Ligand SMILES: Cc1cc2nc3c(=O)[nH]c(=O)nc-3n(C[C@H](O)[C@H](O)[C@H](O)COP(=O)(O)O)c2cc1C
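Have a look below at one chain only, the form predicted on its own, in structure tokens format.
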């Protein structure tokens, strides 16, 4: 939860979460606060969204205007998919947005559909998500306007929220990612061009449609304009979801969450597919695509998690790597063999099993074989995560490699869910 001081501090930049909550997330309260959604002009949404500089908030940070333009250029009657699957277990932003402002997401999805001439809008969440019943109510509230929209519930697997996995599930009932090309914007749901966007991205589209590109760029940076939702957790006083201007430093974000509750050893930025940064100088890095890339991390799904000092970086990396390996779709070489092998190497280092220098050499060699070879981006994110750990926790790894006592106190600071059913039934 966010404390009163943080609510006051955030009032100047709150956009997506600016609506008062005392009247609930219903359509009447939504329109009273944000006003009507204007019809797209002759050029549709492509021009204002492109000029706004909006980039996707689901992980890759691809320019949204270019994505809409690619679907428009593909021809035919497209489909719009709003991705609200909380695939990252450490990110709560999409759930909070759908709970507090579902109609802002629907505004964006329906506006994109109108602009593209699409006759179908699919809002995807994980199966069993408690937000699903209220989303059905929100869709029903749209009446005739929302006739094209429907809710789709996807299996609750980490890789099932990847865009090709969503298309595969909608088409075949199996939520495993598929090899690309063709990409969804070329041939997606039902073989039609498909615009897939994260729900936060679509909520920003709704604001750009209302207020324009210049308004959107009034906050943020030149490379990364606008605001973004950030899940803050770990060693902070008020873990939760904040809306901040892009360009805010990671240290400032921790302060907005009530400050650190003790010494911090490292920051995990961008989710489990993001990257580790040392607490210092990581706190000075801005939440900006270019700055994060230069530092070795990524905005990803918008998380800033403060790992308490005293936690062993080797053991924590092994634990998270094991979860990621277990959550893979197991349909390509890197996921079937590479991810479990890297996780096993990390556990061997953590427990001083085998010759540590040999294990380190093998680990680095295996990491080099993962990127660019998978059916989806899961192996790439996995490799980035582990490589970041090797740099950030270099002292811990060096100590384990030389047989010195582990500096960790045995704590597991990050709560991860149990891995899902790995059989074919678990993906349907």
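Numbering follows the first chain given and starts at 1. None of the values given here were measured: they were computed from a predicted structure.
The protein also exists as the form predicted in complex with this ligand; that form is not presented, and the subsequent description refers to it.
Colleague: Give a yes or no for residue 30: in the predicted complex, does one of its heavy atoms lie within 4.5 Å of a heavy atom belonging to this ligand?
Modeller: Residue 30: no, not in contact with this ligand in the predicted complex.
Colleague: Is there any non-hydrogen atom of residue 377 lying within 4.5 Å of this ligand in the predicted complex?
Modeller: Looking in the predicted complex, residue contacts with this ligand include residue 377, since a heavy atom lies within 4.5 Å.
Colleague: Contact with this ligand in the predicted complex for residue 53, defined as at least one heavy atom pair within 4.5 Å: yes or no?
Modeller: So residue 53 does not count as contacting this ligand.
Colleague: Can you check whether residue 384 is within 4.5 Å of this ligand in the predicted complex, heavy atom basis?
Modeller: No.
Colleague: The chain here is shown without this ligand. Which stretch in 274-282, 348-356, 190-198, 115-123 comes within 4.5 angstroms of it in the predicted complex, by heavy atom distance?
Modeller: Going by heavy atoms within 4.5 Å, the stretch is 190-198.
Colleague: Pick from 163, 316, 288, 107: which residue has any heavy atom within 4.5 angstroms of this ligand in the predicted complex?
Modeller: After the contact test, the surviving option is 163.
Colleague: State the residue from 167, 242, 268, 85 whose non-hydrogen atoms include one within 4.5 Å of this ligand in the predicted complex.
Modeller: Contact with this ligand in the predicted complex is made by 85 alone.
Colleague: Would you give me the residues of 54-69 that have any heavy atom within 4.5 Å of this ligand in the predicted complex, in order from first to last?
Modeller: 56, 57, 58, 59, 67 sit within 4.5 Å of the partner.
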